[in-house]
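The chain below stands alone and is given in structure tokens; this is the form predicted on its own.
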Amino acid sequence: MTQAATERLSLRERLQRERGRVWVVGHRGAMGYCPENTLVSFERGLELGADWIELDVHLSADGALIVIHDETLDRTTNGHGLVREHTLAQLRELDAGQGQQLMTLPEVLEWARAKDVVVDIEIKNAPIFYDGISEAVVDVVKAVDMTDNVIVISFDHAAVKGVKQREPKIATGVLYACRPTDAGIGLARATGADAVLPHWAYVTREDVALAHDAGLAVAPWATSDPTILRNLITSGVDAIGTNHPDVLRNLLGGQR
């Protein structure tokens, strides 16, 4: 398949057709080096060899999709309290580290579209649940014309199902930190997901093979330990989330 033909495929199609490739997923950008979930972290992730940029989204008090990991502001910004209790204007005033500003999902998607990079969007439901967040994510993805170049994931599998029901063309995945007896196939089937995303500690070669036989991609998270990364690569996974994209890229021999 030519490069031009590959570029015309959606991410859902590429996940099916490019078995054996290991996608480097920059976890919150390159959070091992930069303030997580910020533009400088996303840019650094690309510089260090990431194929995908992973991020997290919450809803502000006025319904903006805010790119931040925690439901509270305290750990990653100079603000305090819940994200949902602040308006977008208030959130814009905060320092997210090294002078970086919190971004909205549309802003990151516009940046990613210009860079032709896949965005891995994690919907952060629980312990705070956001009414309508799945629909809001889908609507933004479609508005920015990134339907074919994102994957939407969550530990809240109901949210994943909501995304797939609203727009079947968007690639989706179920996150979990356990070892289901069926390699996560049932979780994926129940939500219509295209991928399973187990914590790295629960990945086995046998489970990866079972998931592949069921037509599912396997994309564990999130480690930068070379020994663990080598084991995941040997297990046949399709993508790996890492805080240090360069470490994984180097283990892959620099191939893109």
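The numbering used is simple: start at 1 and walk along the sequence shown. In this text, all values refer to a predicted model and were calculated from it rather than measured experimentally.
Another form exists, predicted in complex with SN-glycerol-3-phosphate; not displayed. Remarks below refer to it.
> Counting non-hydrogen atoms within 4.5 angstroms of SN-glycerol-3-phosphate in the predicted complex, say which of 175, 103, 109, 159 makes the cut.
Only one listed residue qualifies here, and that residue is 175.
> Heavy atoms within 4.5 Å of SN-glycerol-3-phosphate in the predicted complex: which of the stretches 94 to 102, 117 to 125, 79 to 87, 133 to 141 has them?
Residues of 117 to 125 come within 4.5 Å of the partner.
> Any chance residue 56 has a heavy atom within 4.5 Å of SN-glycerol-3-phosphate in the predicted complex?
Close contact exists here: in the predicted complex, residue 56 approaches SN-glycerol-3-phosphate to within 4.5 Å, heavy atoms only.
> Given that SN-glycerol-3-phosphate is not shown alongside this chain, does residue 69 nevertheless sit within 4.5 Å of it in the predicted complex, heavy atom to heavy atom?
Yes - in the predicted complex, heavy atoms of residue 69 and SN-glycerol-3-phosphate come within 4.5 Å of each other.
> Does residue 153 make contact with SN-glycerol-3-phosphate in the predicted complex, using a 4.5 Å heavy atom cut-off?
Taking the distances in the predicted complex, the answer for residue 153 is yes, it comes within 4.5 Å of SN-glycerol-3-phosphate.
> Taking only heavy atoms into account, state which residues of 10 to 32 are within 4.5 Å of SN-glycerol-3-phosphate in the predicted complex, ordered by sequence.
27, 28 sit within 4.5 Å of the partner.
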